[in-house]
Every structure is written in structure tokens, then in C-alpha cells.
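First, one chain by itself: the form predicted on its own, in C-alpha cells.
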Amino acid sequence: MNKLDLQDPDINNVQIKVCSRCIYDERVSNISFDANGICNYCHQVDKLKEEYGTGKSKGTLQLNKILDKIKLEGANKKYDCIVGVSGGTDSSYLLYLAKKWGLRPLAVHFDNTWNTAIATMNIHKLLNHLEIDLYTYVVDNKEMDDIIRSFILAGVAESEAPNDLGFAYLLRIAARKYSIKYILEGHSFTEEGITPLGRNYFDGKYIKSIHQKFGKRKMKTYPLMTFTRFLTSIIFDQVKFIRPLWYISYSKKDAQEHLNQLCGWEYYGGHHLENRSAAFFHTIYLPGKFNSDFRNNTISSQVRIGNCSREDGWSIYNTAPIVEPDLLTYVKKRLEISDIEFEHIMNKQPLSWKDYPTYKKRFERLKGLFYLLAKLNLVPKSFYIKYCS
């Protein structure tokens, strides 16, 4: 099933160009190299570190100002911010930090009904320990399966897009419901990097068009973020998106150890593997059909910050990902895809998000507006970088 174009695990023997600082190679979308062989994505991380003062006093000062503002604006409310939780490392640790910083967060969880037992247990262990309230939205499981199945039948790579966008819109819905003006996101560009431009893409129009063409059920419970809903939320709710881990020193490994000691939180074995649809996407669907492996995002980041040598990182990246036993059987049964149909899907010529209707051109035309909104934290900076370029 795995069709990854694995290279010689010894980086000194490879015949393709690899960044002299991380492990991104010439096959990464929109990559370029400077005279020293360093890729543009390493420079992107350096620029973000400078801008946000990551791990330095500049970053601490900036973050403290933001935290003071969150406390002031939420002084008379039950909650002063939202933290989206999945049971994974970053969001769990951010909840811990939010409480430590004296904030009063509401935890919000989008249950796509594909959670692992470990993820569910992690959420409840942590929230019980920290005494934080949880707002969970459970989408109809048959409807969610129908949407995911539609993306697989469409032959595009973004089978996880409905989960990511549904979660993003749920955060905005919860913010409106409880009159909360700040959403804290547990992303770390130093630990995970920024997904290369053009590697994947999704928006509400993309999801709606794919589902209308390949789905069998009506979309009733899925929180679809259309352009109008997106812009309405930006203009009327004025919710600001903050990524505290962009300002501070952060170690995913240290965070996992701390969470385990704090409340018995457990690691689930890999980035995004706390959810079974995500595990299928990362370990079976993407490598098997698209010869693509998102592990190089995280591994490159680990090499940049010195947690892993470039040689070891390249070797890991060029070893096939470990697949959870029986995962494929579970997915095929749940999505009602036969063995023959699945083989046909995986061998069929892949399509791109560019083959279906999206808002991409509209976002590009409104680049100036979204630049301003990103500066005001009303849309995530990564949204502007990835969607408006």
C-alpha cells in the first residue's frame, strides 16, 4: 500500500537536493534555496522568531501585554478566552499554561466521532485536574463519515480538511455563544513548522462542492464555514486569534512529560495520531495515494531546534511510517468502502484542490484586507501566509 518515494536513508548518498539546515528537499512545494543551500522555509521560521521574539524577553513582554488585555477585557465574564482541545500535546499544554497565567479559559472540542480512547481520556483527565469547563460539539457520525468519504472518492488529498475547518468554525461559534473575544491556539512553528505553500488547501466552498458532488447525505449538523459566515464572524464578533507558543520557548517533549506527571495524560504515538481519521490520513491515505508524507514538517523543525541531527531526521523520514494494526480495516468498514473499491481509489490518478471550486482567488484578491486583519489578530497569521499568497 505504501508508495512513498523513499530515498537512501543516508543523507550523504542522496541524489536530490536537500536543505543544508533541515531535511526539506527539492520535492517540497514552492521550495527555493539560497547560495548556502538553506531553504526558504528555514528563513521563514527565522523571520517569525524575530517578529515574535520567540523565547526571548521581547516575546515574553509581547505575550504578557496580550495576557493583560485578555484579563482586562474578560474581567466581568465567566470565561476570558477559548482554547480548542483535541487531547493532543500542544492544546493540552496550552490549557495548562492558560490556567497558570491566571486566565479563565473555556475548553472547546470538535468531536468528529473518530477520537481515540486515549485522546478522550486525556481531555477529561486534564480538564478535571485543572477544573476547566468543556464545550463539546458532536457532529452526526454518519454525516461526518459521508463528508470524509466524499473527499476520498473525489481523489484529493485533503480528507482531513472537514475536521480542521469544522473545528475552526466551532471555535468562532463558541466565542459568539459565550461573548468571548480571544481564542488561543496551540500551534508552535518552532516545533511543527509552517506547512509549505501549496501542499494542501481547504475552505468552505471546497468542502461544500466536494460533498455536493460525492456525498449521499444532507449536510445538517456539520459546522460549515462559508465565506459569508467567515467574514460575518470577523466583522461582528471581532474575535482575536492568539498563538502563545509563538512567543515563548516550548518543548513538545517536556510538555508531554509535564502533562503526564500532572494528571496521567498519555502520549498517543505520533503527531496528529490522537484521532483515527487523522491517523488514516497521515499513515495510509497520503503516503499510499499521493506519495506524500507530512512527517517532514515536524522532523525539519526538530532538526532546526537541535532536538534531532539532520542525518537522523533524514533517516527517520525515509523509513515508512508505522501503521496502526487493523486501522485500514476499520476505516473501510466505517466508510463502507469495499476492498476492490479502495484499491481502485488508491490507484486512480490523484486530483488536486485546484480541480474543484474554492475561495482561493477571492482570498488572493482581498490580500490587502486580510493582511490588515492578520496584523489585528482577527485572522491567524498562517491563514494570510498560506491562503492569500
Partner chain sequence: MLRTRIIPVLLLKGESLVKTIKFKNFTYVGDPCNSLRIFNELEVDELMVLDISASKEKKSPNFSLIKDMCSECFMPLSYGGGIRTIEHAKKLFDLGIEKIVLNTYAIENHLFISQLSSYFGSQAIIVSIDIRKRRFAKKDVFSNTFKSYLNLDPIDWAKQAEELGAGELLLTSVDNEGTWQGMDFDLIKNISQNISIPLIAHGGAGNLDHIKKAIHEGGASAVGLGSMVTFQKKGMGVLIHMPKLENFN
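Residue numbers count along the first chain shown, from 1. All values reported here derive from a predicted model rather than from experimental measurement.
What comes next is about the form predicted in complex with its partner chain, which does not appear here.
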Thinking of its partner chain in the predicted bound form, which stretch from 244 to 252, 163 to 171, 112 to 120, 181 to 189 has heavy atoms inside 4.5 Å of it? 112 to 120
Can any non-hydrogen atom of L134 be found within 4.5 angstroms of its partner chain in the predicted bound form? yes
Can any non-hydrogen atom of D140 be found within 4.5 angstroms of its partner chain in the predicted bound form? yes
Hey, in the predicted bound form, is R276 touching its partner chain, heavy atoms inside 4.5 Å? yes
Does K333 reach its partner chain in the predicted bound form, with heavy atoms at most 4.5 Å apart? yes
Select from the listed residues S209, S315, S309, T221 the one whose heavy atoms reach within 4.5 Å of its partner chain in the predicted bound form. T221
Within 4.5 Å, heavy atoms only, which of Y268, Y96, F294, Y79 is in contact with its partner chain in the predicted bound form? Y79
Quick check: do I152, R362 and E364 each get a heavy atom within 4.5 Å of its partner chain in the predicted bound form? no
Its partner chain in the predicted bound form - contacting residues of 312 to 327, heavy atom within 4.5 Å: E324, D326
